[in-house]
Ligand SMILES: Nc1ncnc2c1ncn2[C@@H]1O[C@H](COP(=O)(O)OP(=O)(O)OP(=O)(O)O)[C@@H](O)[C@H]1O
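Only one chain is shown below, in structure tokens, and it's the form predicted alone.
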Amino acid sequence: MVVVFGRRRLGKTQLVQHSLSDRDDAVVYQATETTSQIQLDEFVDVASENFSGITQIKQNWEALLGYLGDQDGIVVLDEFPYLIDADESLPSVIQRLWDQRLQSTSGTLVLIGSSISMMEEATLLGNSPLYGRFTERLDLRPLNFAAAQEFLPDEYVPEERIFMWGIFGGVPYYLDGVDLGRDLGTVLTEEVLSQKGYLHNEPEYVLRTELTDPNRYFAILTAIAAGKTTSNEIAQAIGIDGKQISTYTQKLERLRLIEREVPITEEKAKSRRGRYRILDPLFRFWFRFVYGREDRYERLGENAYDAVIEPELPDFVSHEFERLCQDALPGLYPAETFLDIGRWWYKQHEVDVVGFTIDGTMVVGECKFTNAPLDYGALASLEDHAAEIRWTPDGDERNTEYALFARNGATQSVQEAVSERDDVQLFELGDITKHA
């Protein structure tokens, strides 16, 4: 029994279908939102293509799945939550069938679902009917930076790769469905800003599919995209009591649309300095630039990108650039073994990249994704902020290394510091994309 789950658009169905491309003993049924009887009828129609005898079996899930298990078949129930919606007893039926019959066969049952909460309730939580019975669990996540590069044209330079990553992230549906062989302005204008674009309504579609009353969630995501990242800031921005906000943010976290970050020196469960961020770059782009502004872009037409988006894009992408720099840290410092990597902040102090190593070294980094070269003030500021980080290795004094990440190089004074000091390194975009 295999459970495959993850948010929409990650390619769960494609992955399973690809793995079965050379099999003639598989039944792949994609459920729809309809009645249980119609689902059973459709399932039998699909299954009869490879197992003709199933038409003679009583039409209930226990009998049908039991028959296919006896035939050592592979049964894929895609959009499993739709089946549960139509028949709440199905997880319990499969539990009984598995315990009494299926696990002694050579058959395989694959359950796929995009509703993470429902998949957890049915299969993963301790009180769920199928808990502990699956033999494989695949929690599908967006592609990492290195894997996402396979979708981009070979001629892309590092800067273009970071811009595309900072907007489309690692969701295969976005990367595969858009022609990325054009310049960024054209891609965004035609595929996202235009009301006819392939991805224009994508975030709204996903949210309305997952949420029964999405309006307040839309407001929360809009606030986060605008820079309101603490619970109090979000609550004030959307006009609700601060005590109520956690109900909504927890739901968005379970859907893997947002996450709560805390300073690297603090425990997530205990910290009161958490900040929320939108996980999917396209969602963050949509809520910052598109949602509620469609008419504006229609009026501007082809000028919309140059007038509204392009001036703000480096600042927008800088958030994902910081994450890339964090991911690249182990490759950029191959002699170090990192225990933790993240961000740190306290009051007016903030450090983009912080890494703690097993030998007592603290690597701190400043990220500048701007048109201007990184200047000496950035290094001086980094040193001041790093001095405030409260971290001491077990029984030893710490050693601090300074990493500077720059889109457009550094000024002469910074370059001189790098050449004269052993504790400062300067990394350019090619270094980062190579190791992220």
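Keep in mind that what you see is a predicted model, and the values were worked out from it rather than measured. From 1 onward, residues are counted along the sequence shown.
The protein also exists as the form predicted in complex with the named molecule; that form is not presented, and the subsequent description refers to it.
- When the named molecule is superposed onto this form from its pose in the predicted complex, none of its atoms comes within 2.4 Å of a backbone or C-beta atom, and the site is therefore classed as open.
- Remark: residue 214 does not count among the residues lining the named molecule in the predicted complex, judged by a heavy atom distance of 4.5 Å or less.
- Contact annotation for residue 176: at least one heavy atom lies within 4.5 Å of the named molecule in the predicted complex.
- In the predicted complex, the named molecule sits within 4.5 Å of a heavy atom belonging to residue 14.
- Contact annotation: residue 414 falls outside 4.5 Å of the named molecule in the predicted complex, judged by heavy atom distances.
- Only one of 268 to 276, 250 to 258, 221 to 229, 167 to 175 places residue heavy atoms within 4.5 angstroms of the named molecule in the predicted complex, namely 167 to 175.
- Checked against the named molecule in the predicted complex, the residues 98, 156, 338, 151 give one hit for a heavy atom within 4.5 Å, which is 151.
- Site annotation in the predicted complex: the residue of 366, 79, 191, 280 reaching within 4.5 Å of the named molecule with a heavy atom is 79.
- Taking the named molecule as positioned in the predicted complex, the only residue of 92 to 130 that brings a heavy atom within 4.5 Å of it is 114.
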